[in-house]
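Encoded as structure tokens, the following chain is the form predicted alone, with no partner shown.
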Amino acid sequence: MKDTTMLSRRTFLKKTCLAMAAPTIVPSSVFGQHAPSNRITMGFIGLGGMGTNNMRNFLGQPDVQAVAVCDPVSITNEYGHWYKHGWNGNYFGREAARLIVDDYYSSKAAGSYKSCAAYVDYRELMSRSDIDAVMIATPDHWHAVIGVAAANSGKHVYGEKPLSLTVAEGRAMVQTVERNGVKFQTGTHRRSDASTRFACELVRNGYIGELKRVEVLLAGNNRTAPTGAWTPDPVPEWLDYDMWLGPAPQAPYHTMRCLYSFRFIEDYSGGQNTNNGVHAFDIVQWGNGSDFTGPIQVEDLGAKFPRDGLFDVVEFIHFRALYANGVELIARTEPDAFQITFTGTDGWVSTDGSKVQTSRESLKSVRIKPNEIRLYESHNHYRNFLDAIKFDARLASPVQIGHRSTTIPLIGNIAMKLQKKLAWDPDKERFKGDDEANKLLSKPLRSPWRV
């Protein structure tokens, strides 16, 4: 049955033509005191649910001008009802994003105009010298290729989590960003949340005694794919499928391969362990004081994977990691959960990323003293990124930290896949004495893509 909410071709063309017929220069009156030289011009790559949400947040910053959008999806509402932040409700893709930008700027000044370009290929966007920064919210298998290209072109990057698909790609991103001296903010935005910072400050300052154990609970897979033998679907007209695959292996198209469901296929992502898991492990790293290192051991505790079908990432997460300071990390799947609990010799602190629970009610009223450990304070992840570009402010989640937080679920996935206990060297970023595991630290890229 045809979806009656689908944007009609006539309506879409009418709006698109209106945008294309308008002036190509944004009036300075739109920006007031922020026009024109103080503006940060941005391009947005990957306009699904999270990418569109990020773009809207950047549009709300008075010193940002959106000049380009990019996605192999033209416009679709097939992301589903769980996203409500696209154009006209729940439409996503480059043309939907362009309409969002046009409508936003039109509301700031009299008349209509075309405010930005729309591209299928990110390289066209990247070649523009008038773009200062890019936002990347593509599927994970594209993060490193585009992130490295952006840094090499001198553009600052707001890159969604997880930072990379593999440990090797993450290290390449760190090295490229450092070599080019650009700003790179990882989208682990809970570092800009006051309650998360407070929970970690309680731990870091010994309010629960000596930290011994951290437990991470993560929700399971929230999509269902075909099992057994499955039949490919025709590629929809709104998708440039070869561009969507990019550096990933050639594969027959299926409705559940792309859009949100990419998260459950190993060629593109690492499942919920690298999706929501990176947020949790980032908090673990912050509370443990291990931002620039990682565990020394990782062990499968009985994870479960699909037996067949399209999805192949871990369905039930269960692994253990051990840090050099003796802190033990346990991660497992729990339905509808997102919880990080730090347990010490004198109590515990738990957070779901928005509120804090404690073993003693008195801990909630603690005021961290000036002479105690005070973690970096950012109140808005997007604003922090822009301030880092304009004023050299410290980033809340720089690429180096994002890489370490992403490494934990990546090596956890390897241990669970191989059903092994593995010794990890966080300095060399290699497993000790296990060639089979080390082969999984990188993936070959389909030509012509490279990092």
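The first residue of the shown sequence is 1; numbering continues from there. Note that the structure is a prediction, hence the values are computed from the model and not measured.
This next part talks about the form predicted together with a small molecule, which is not shown.
Put simply, of Trp142, Trp286, Tyr105, Phe264 only one has a heavy atom within 4.5 Å of the small molecule in the predicted bound form, and it is Trp142. Among the residues Ala199, Ala321, Val73, Ile317, the one placing a heavy atom within 4.5 Å of the small molecule in the predicted bound form is Val73. Contact check at 4.5 Å (heavy atoms) against the small molecule in the predicted bound form: none of Gln297, Gly412 and Met416 pass. Taking the partner from the other structure, the small molecule in the predicted bound form has no heavy atom within 4.5 Å of any heavy atom of Ile408. At the 4.5 Å threshold, heavy atoms of Gln272 stay clear of the small molecule in the predicted bound form, well away from it. None of the heavy atoms of Phe311 is located within 4.5 Å of the small molecule in the predicted bound form. Contact annotation for Gly170: none of its heavy atoms lies within 4.5 Å of the small molecule in the predicted bound form. Remark: of stretches 177-185, 237-245, 330-338, 368-376, the one touching the small molecule in the predicted bound form is 237-245 (heavy atom within 4.5 Å).
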